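Quick heads-up: it's one chain on its own, the form predicted alone, in structure tokens.
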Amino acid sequence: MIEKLMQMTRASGCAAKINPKDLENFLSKIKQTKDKRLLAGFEHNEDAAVYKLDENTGIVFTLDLITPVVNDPYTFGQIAATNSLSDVFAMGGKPLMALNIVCFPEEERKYHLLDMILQGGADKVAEAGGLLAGGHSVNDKEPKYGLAVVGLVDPKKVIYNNTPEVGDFLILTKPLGVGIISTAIKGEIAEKRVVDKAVFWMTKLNKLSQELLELNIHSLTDVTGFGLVGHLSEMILLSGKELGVEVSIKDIPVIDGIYNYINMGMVSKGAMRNQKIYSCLVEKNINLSFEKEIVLFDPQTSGGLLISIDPQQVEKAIKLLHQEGFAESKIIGEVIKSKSKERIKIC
């Protein structure tokens, strides 16, 4: 019988990220070397760094690692790799090669778990069209796994996370709730059908077809540890414009069954922290139950893409997304002009 991976980790649900306000403070003290070839660095909280090699070639570079969010080691490897690869896709790029990042206890009786984790990751790198080229390992009591990924992108076609335009429609490509389900797995109350659905979405690559990428997508990011509201806030606040968003709560896709787990107390510390940080930006124009509100702050592992797109092309985008397996993709809102402190309006 395979040892349960989540019993080997101290974290509940998704791997916890450092408070974004603290990160902003740390990074503000670092002197940045200016280089016009660096098209995306850490000043705008981008999903990945982008460096222009020449007029037609840019390098996308990112890394990510997480603690276990499911018990099966092979599946965990797939999820962690999918999550890492997502940042390249979120910049409009294509993965070229990846390096494993492994933290694992130095115990031979557990090495079979690591073997399966690495195989899951390798299979996802191959599926994404990249090459696995090595990696680095550290002896650590708490398992963690992820990838450093290099990708390629046309410098003229990089899609940034902070360039939405007024009137754009917002599309979310995957349903929310995987953080809640991961917490329920750790609490040993998650039902198989719900776990299977969460695993399906967490292992689905955020790879978009060239036809989709050629649409008039103004801004793009993936929804991960800061939750939907956190990543919406980055999209509008970092734009430097007087922008806000109106989001329709009834149109936001969620995984069936998560509200029952919330009622049982299966809410991660990360979700509560996100709510504390970002709720000041939210204006609620309808009465929201705690269950429906906290989902908006739920940290996502390998979450979906948040797309800000020209309204004239949104229907075509939805059709293409459905054809490419993002069957629950929905239009969830619109970018608006706003000078209000509460930039995110929930309707």
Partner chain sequence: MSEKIDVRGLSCPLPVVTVRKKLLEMKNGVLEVLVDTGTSRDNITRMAVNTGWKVEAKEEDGEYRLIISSKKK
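None of these values were measured; they are calculated from a predicted model. Numbering follows the first chain given and starts at 1.
There is another form of this protein, the form predicted together with the partner chain, and it is not shown here; the text below is about that form.
In the model of the complex, none of the heavy atoms of Gly240 sits within 4.5 Å of a heavy atom of the partner chain.
Taking the partner from elsewhere, Lys186 is found to have a heavy atom lying within 4.5 Å of the partner chain in the model of the complex. Using a 4.5 Å cutoff between non-hydrogen atoms, Ser268 counts as a contact of the partner chain in the model of the complex. Contact annotation: Phe290 falls within 4.5 Å of the partner chain in the model of the complex, judged by heavy atom distances. Screening Ile262, Val245, Ile159, Leu176 for any heavy atom within 4.5 Å of the partner chain in the model of the complex leaves a single hit, Ile262.
In summary, the region of this chain contacting the partner chain in the model of the complex, judged by heavy atoms within 4.5 Å and restricted to 103-111, 215-223, 269-277, 197-205, corresponds to 269-277. If you take 74-88 and check each residue for a heavy atom within 4.5 Å of the partner chain in the model of the complex, you get nothing at all.
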